[in-house]
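What follows is a single chain, given as structure tokens, in the form predicted alone.
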């Protein structure tokens, strides 16, 4: 299956997006330095899939002008109502104000945006989280469970204090049928090593083909991409970039395409779709944020 075919698979394509007013349902501390935010959205707002994101815009007056991209960490249906959850760290002016919002207050939300994980792709699912990249992968584990599929779940960080949401991961995987593999760079929890060391350890025991879904720092994602390319696995990776609009209009989030992807875009004429980038550059918001490893030039990804 080609990378282009996988992007056309059901569940991988983004739904039509809309802009609505969302209401804060709950905020709570999640881990040291992190918060969990639940927003109730109107019925017309599409239901996001794992790997997609939204743009959150604080109501005026606000210390920031532009909306903030936020990866969706959970979706809960309550009858006709939908609640969307986010895991974030209040580190800048905008997110600090976001953290101060009380239940009942409102924000503007645009989405769902971008490509999600193609979780129906055949193969053994291996979910890999780095630090706060855990949240969308727990959502992916839930979606796989609905397909009656278990997963291998690899969770890595520099040290044990950065395994954000570990207890939640244990609980979800215990209920949904997945095996958790931990690693830390300093050996303070789990395997003394990184996620590639875990892949080297567990992959010989797993049925091929492996289909990796990962979220975390770009350095980790690049290492996973190279491992997948060298070992005959497929890897779908959540990328980050500076985003102002989230819809492909502002052109602010380019990522370098691989030669293979560039040639395919030229051959298929996809370059005519301005919101989908061009032969040389993919737009993180519309072509991604989930990219298959073969789509990007990892020597040029920053």
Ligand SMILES: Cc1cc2nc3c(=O)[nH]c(=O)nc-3n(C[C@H](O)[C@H](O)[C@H](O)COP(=O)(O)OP(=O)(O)OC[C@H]3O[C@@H](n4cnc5c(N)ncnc54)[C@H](O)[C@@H]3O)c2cc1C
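Positions refer to the first chain, counted from 1. Since the structure is predicted, the reported quantities are computational estimates derived from the model, not experimental observations.
In what follows, reference is made to the form predicted in complex with the named molecule, a form of this protein that is not presented.
- The partner is absent here, but in the predicted bound form a heavy atom of 92, alone among 92, 209, 177, 193, sits within 4.5 Å of the named molecule.
- Between the options 49, 243, 235, 261, the residue in contact with the named molecule in the predicted bound form by a heavy atom within 4.5 angstroms is 243.
- Checking 121-129, 149-157, 179-187, 94-102 against the named molecule in the predicted bound form, the stretch whose residues place heavy atoms within 4.5 Å of it is 94-102.
- In the predicted bound form, at least one heavy atom of residue 70 sits within 4.5 Å of the named molecule.
- By the criterion of a heavy atom within 4.5 Å, residue 87 is counted among the residues contacting the named molecule in the predicted bound form.
- Although the partner is absent here, residue 266 is not a contact residue: none of its heavy atoms lies within 4.5 angstroms of the named molecule in the predicted bound form.
- Although the partner is absent from this view, residue 239 contacts the named molecule in the predicted bound form, with a non-hydrogen atom inside 4.5 angstroms.
- The single residue of 279-298 lying near the named molecule in the predicted bound form is 289, the criterion being any heavy atom within 4.5 Å.
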